[in-house]
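Before any questions on binding or motion, here is one chain by itself as structure tokens, the form predicted alone.
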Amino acid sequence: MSFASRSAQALRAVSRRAPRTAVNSASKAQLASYSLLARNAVAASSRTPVVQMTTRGVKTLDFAGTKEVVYERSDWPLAKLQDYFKNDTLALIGYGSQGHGQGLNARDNGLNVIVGVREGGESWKQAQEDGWVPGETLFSIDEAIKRGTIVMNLLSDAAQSQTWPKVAPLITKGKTLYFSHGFSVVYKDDTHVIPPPDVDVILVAPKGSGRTVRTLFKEGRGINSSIAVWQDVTGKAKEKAVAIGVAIGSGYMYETTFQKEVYSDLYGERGVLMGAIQGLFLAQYKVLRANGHSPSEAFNETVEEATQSLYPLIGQYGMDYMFNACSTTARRGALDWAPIFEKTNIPVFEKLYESVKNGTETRKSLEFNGRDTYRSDLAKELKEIDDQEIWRAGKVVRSLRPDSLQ
């Protein structure tokens, strides 16, 4: 596929309908207003007042014929957000990827946040490096839960199951129990995580890693998240979920259920987000190599052009734009072969979804992630991927990028 041979007529057609967003200095300040770090940087450079966005809020949108309610952060300016949580302490349990991102974002937004992890462990050390202070904002898990009014359980799925017998008695009446994944509660027969009946149980699930949650926040942007309510004792559980979603760095949120969140999440990760893409990349690469193509050519035609040229176009403008932006030959072949890949893969995805739905994937995860040898076993599997020729070739290709820091 060569972009040099792209159709000028097609490009003109798609450019006429591609979204155009003019961002002036004022709107940059608006976009940055939910990251104190980014907001302060904008204010310092422009010396102009920072204005909160007030033109966008809760709305009903038509998603391809289905109407859905979307919650946007502009309904929660910082002053309102801080006032809403003025009597609350967010006790963030676990300091992995999501704990790191959500905790720092909520802290930067001026909320009262404390962290609970195992004292002296790697997470404890990382939290200290990020400015959490032992005895003030950094505690043992038990102590943090006792001090918190909103308990944000961001331990790994396996750890949530293992620690629940000790955690459950500390979730007393009046507290709010928060998750970022429906896993533990939905698969309660396997995890044995059953929330007390007298507390609100809510979920905010950012659609990305905790590092991305943090990065987008620092840039003054915001990740999209889903929200859900498992148990509403106070009558304000959904409102609370939306507010916390804004506090931890969400730009907009849509409503789902705990069950749908975990089904779609496990399914997507094993599918096109991670599992399927690794399998497809490797299969295409191997066929190219078997037919005499060099490692550099096989990698470039399989991974590099996809991630650097084509996928960004899909993310920004959509699949039709990407098709239109390539050569006429590439476009014809892609349109012809797409239905074949769809037909071939639907049975695989149906099998995958059923494996998620019936709990098979959950039991596999709990068994593997609960092993004493978990870290060494995982390192072995990841090393096998790292040692594959496709990714060894990729390291060299990435080093050739003009913007490479290698």
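Start at 1 with the first residue shown and count on from there. All of these numbers come straight from a predicted model, not from anything done at the bench.
This protein has a second form, the form predicted together with a small molecule, left out of what is shown; the following refers to that one.
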> Looking at the partner-bound form in the model of the complex, is L154 within 4.5 Å of the small molecule by any heavy atom?
Replying inline: yes
> Is there a heavy atom of R118 lying 4.5 Å or less from a heavy atom of the small molecule in the model of the complex?
Replying inline: yes
>> Would you classify E122 as touching the small molecule in the model of the complex, given a 4.5 Å non-hydrogen atom cut-off?
In response: yes
>> Although the partner isn't part of this model, could you tell me whether T176 comes within 4.5 Å of the small molecule in the model of the complex, counting any heavy atom of the residue?
In response: no
> Thinking of A159, G210 and R375 as one candidate spot, does the small molecule come within 4.5 Å of a heavy atom in every one of them in the model of the complex?
Replying inline: yes
>> Heavy atoms within 4.5 Å of the small molecule in the model of the complex: which stretch in 104 to 112, 250 to 258, 286 to 294, 178 to 186 meets that?
In response: 178 to 186
> Among S97, Q231, T137, S264, which has at least one heavy atom within 4.5 Å of the small molecule in the model of the complex?
Replying inline: S97
